[in-house]
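One chain follows as structure tokens, the form predicted alone.
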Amino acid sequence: MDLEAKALTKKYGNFYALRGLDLKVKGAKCVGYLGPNGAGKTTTLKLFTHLLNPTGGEALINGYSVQKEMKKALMEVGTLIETPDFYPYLTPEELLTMLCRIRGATKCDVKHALEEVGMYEWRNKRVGKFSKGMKQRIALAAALVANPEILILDEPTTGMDPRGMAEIREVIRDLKKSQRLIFMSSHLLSEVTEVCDEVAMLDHGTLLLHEPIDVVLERFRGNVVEVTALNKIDGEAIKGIKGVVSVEQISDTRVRIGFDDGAQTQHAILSALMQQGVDVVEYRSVGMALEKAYLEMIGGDTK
């Protein structure tokens, strides 16, 4: 199972929404398609799902051209593009049963899809009474009802409150266990870090990076640790430890320490803190690596 863009281009007048995209993702994994608003993420997904026609290049799924062999290309694909809407007076079971008639799925598939997104107990309730997070789960169930091997998701947590976002991310993590290829656009750094195995970074319609998340995190890893202790921490004393380049006193019992590159230095700082009598209860790297990569390659505000 794979998605491939070959010189994929979409142009509106003199404006390029997507410019010569070359990208291939293959196998059971979750790939985060990351970029700021207006970068070309939704345009790419619409080209892969035949909602738009390209100005140039080609989108292929499992080796079939989406433009030339649409039915074959999309046969094993489930999609959630932009914000879906439903008839409010229908129930999840009625909505998915209607989709089953179109896609040739069965009632058993409806049950399985609702179970996968944690909405089976709500199957006979009217959708109009659901929260945005619950509706988004139903949208995911609709994408899953024909048991596709590939999922294309367009910013699946957009517009949600923190609880709804956490619920959808947990659903996606569970879906990864079912050996599917998930291609998911997002502009949220934390979301991609938490959920995805690879990241493809896009800006102004141009691909900047496509690598495994752990490779990106290692390359752009920030040399900062945050320390929490049971007793008071003397920030001035920490500045004298070899390898420490900065100390930010967050509170009496919490500090953020910048240090020279290297795991050995990080370990030496922890040993020195303990020798100073600091009762460390938490010592963790500050996860700013993806943000650092994003800012270096794209620049500007990450919000």
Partner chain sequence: MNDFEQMLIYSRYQFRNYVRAKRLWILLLITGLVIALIVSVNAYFGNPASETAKKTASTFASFAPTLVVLTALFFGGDAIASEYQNKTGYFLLPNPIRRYVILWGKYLASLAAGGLVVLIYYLSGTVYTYYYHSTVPVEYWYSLAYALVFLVSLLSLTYMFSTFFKNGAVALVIVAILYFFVFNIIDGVIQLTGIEPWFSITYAANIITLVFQGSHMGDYPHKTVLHPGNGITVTIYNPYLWEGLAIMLGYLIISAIISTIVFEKKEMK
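This is a predicted model, so every value here is computed, not measured. Note that the rigid core is defined as the largest set of C-alphas that superpose within 1.5 Å between two forms. Positions refer to the first chain, counted from 1.
Just so you know, the form predicted in complex with the partner chain exists too; it's not on screen, but the next bit is about it.
Peer 1: May I ask you to check whether Ile241 falls inside a 4.5 Å heavy atom distance of the partner chain in the model of the complex?
Peer 2: Contact check for Ile241: no, nothing within 4.5 Å of the partner chain in the model of the complex.
Peer 1: Find out whether any non-hydrogen atom of Gly133 is located within 4.5 angstroms of the partner chain in the model of the complex, and reply yes or no.
Peer 2: Close contact is absent here: in the model of the complex, Gly133 is far from the partner chain, nothing within 4.5 Å, heavy atoms only.
Peer 1: Just to confirm, Thr49 within 4.5 Å of the partner chain in the model of the complex by heavy atoms?
Peer 2: Contact with the partner chain, yes.
Peer 1: Can you work out whether Gly159 and the partner chain are in contact in the model of the complex, taking contact to mean some heavy atom pair no more than 4.5 Å apart?
Peer 2: Contact with the partner chain, no.
Peer 1: Which residue among Leu95, Leu189, Val171, Leu114 has a heavy atom within 4.5 angstroms of the partner chain in the model of the complex?
Peer 2: None of the others qualify; the residue that does is Leu95.
Peer 1: Name the residue from Lys71, Arg163, Lys177, Lys232 that puts a heavy atom within 4.5 Å of the partner chain in the model of the complex.
Peer 2: Here the answer is residue option Lys71.
Peer 1: Picking from 33-41, 233-241, 270-278, 63-71, which part of the chain touches the partner chain in the model of the complex when contact means heavy atoms within 4.5 Å?
Peer 2: Single hit among the candidates: 63-71.
Peer 1: Look at the candidate spot formed by Leu181, His210 and Phe259 and say whether the partner chain comes within 4.5 Å of a heavy atom in all three of them in the model of the complex.
Peer 2: Per the other structure, none of Leu181, His210 and Phe259 touch the partner chain.
Peer 1: Can you name the residues of 51-88 that have a non-hydrogen atom within 4.5 angstroms of the partner chain in the model of the complex?
Peer 2: Read in sequence order, the residues that approach the partner chain (within 4.5 Å, in the model of the complex) are Leu51, Leu52, Asn53, Met70, Lys71, Leu74, Met75, Thr79, Ile81, Glu82, Thr83, Pro84, Asp85, Phe86, Tyr87, Pro88.
Peer 1: For Leu90, is the C-alpha shift between this form and the one not shown 2 Å or more after core superposition?
Peer 2: Yes: Leu90 shifts by at least 2 Å between this form and the one not shown.
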